[in-house]
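Take a look at this single chain in structure tokens; it is the form predicted on its own.
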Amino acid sequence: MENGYADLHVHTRASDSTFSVEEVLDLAKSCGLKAVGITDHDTVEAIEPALAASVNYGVEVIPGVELSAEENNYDIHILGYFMDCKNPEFKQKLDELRASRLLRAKLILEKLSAVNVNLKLEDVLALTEANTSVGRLHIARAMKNAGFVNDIPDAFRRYIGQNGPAYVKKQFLSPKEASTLIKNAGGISVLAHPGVLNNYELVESVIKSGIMGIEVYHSEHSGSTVEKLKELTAKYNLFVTGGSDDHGAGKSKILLGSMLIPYSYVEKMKIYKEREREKTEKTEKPEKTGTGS
């Protein structure tokens, strides 16, 4: 019998959700979740507050992150779980990515101004939390708040989507760079919502770059997509994960708890982590030598 369920793809106000850590945990509790993965874009700022608050809600927090990568002009997202969030190389790269996000936001606002959509940077940043990750969703919400668009999809469709007049390309890692960064921080890398790519040749190419798992279950995956992805996890001996990709009220609807996976999938990742820890300790532990007497 299954011992609980998890939603391993949830964002907070540390990136582009409208939910605070406490709101995420409260909703996760009301959904009966045993665990929730906090996977903000290019930041782990919400992890420590979430871990501290989790004791009040009885919901386990799985430390995570979502990194943006690119291959063959496809926007590919790589999830990381169980990383050492204080790893110096990992922290430095996240700092660089967030600085790049801020610069991109400024360039988007300049392009919007050129088409008579005038927003102030402070109005966009007011929708984020301090030291966090600004993205296009924040700009879309600011546009809606100012009355320039009817809704979030309208902002992307008319202005800031890939074919819009105010689109600015994001700084990307390669999938290999993203998975290596996560691995070097002691984490498990997972290809996020691969069904959205609709290109299984590309998915297999990304898997071969060092990915350790696939987000098989996702709010945008059909039943046939799930079956195809399960075949790939079996073929390449990968971890299976899943989640709602909730952004609070930042997108069309609240998704947290709508896509659940058995907690046993989390346990498999934990077992792997423990075995890796034991291997490291065994390697680092000096062998005892006799005195010869």
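Since we're looking at a predicted model, the values are computed, not measured. So that there is no doubt, residue numbering starts at 1 and follows the sequence shown.
The following text describes the form predicted together with ligand AMP, which does not appear among the structures shown.
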query: Any non-hydrogen atom of L137 within 4.5 angstroms of ligand AMP in the model of the complex; finding: yes
query: Residue contact check: Y159 to ligand AMP in the model of the complex, 4.5 Å heavy atom; finding: no
query: Non-hydrogen atom contact K144 with ligand AMP in the model of the complex at 4.5 angstroms; finding: no
query: I152: touches ligand AMP in the model of the complex, heavy atom cutoff 4.5 angstroms; finding: yes
query: Segment that reaches ligand AMP in the model of the complex - one of 56-64, 245-253, 222-230, 263-271, heavy atoms within 4.5 Å; finding: 245-253
query: One residue of K170, K91, K120, K106 in contact with ligand AMP, assessed in the model of the complex (non-hydrogen atom, 4.5 angstroms); finding: K170
query: Sequence-ordered residues of 13-52 touching ligand AMP in the model of the complex, heavy atom within 4.5 Å; finding: D16, H41
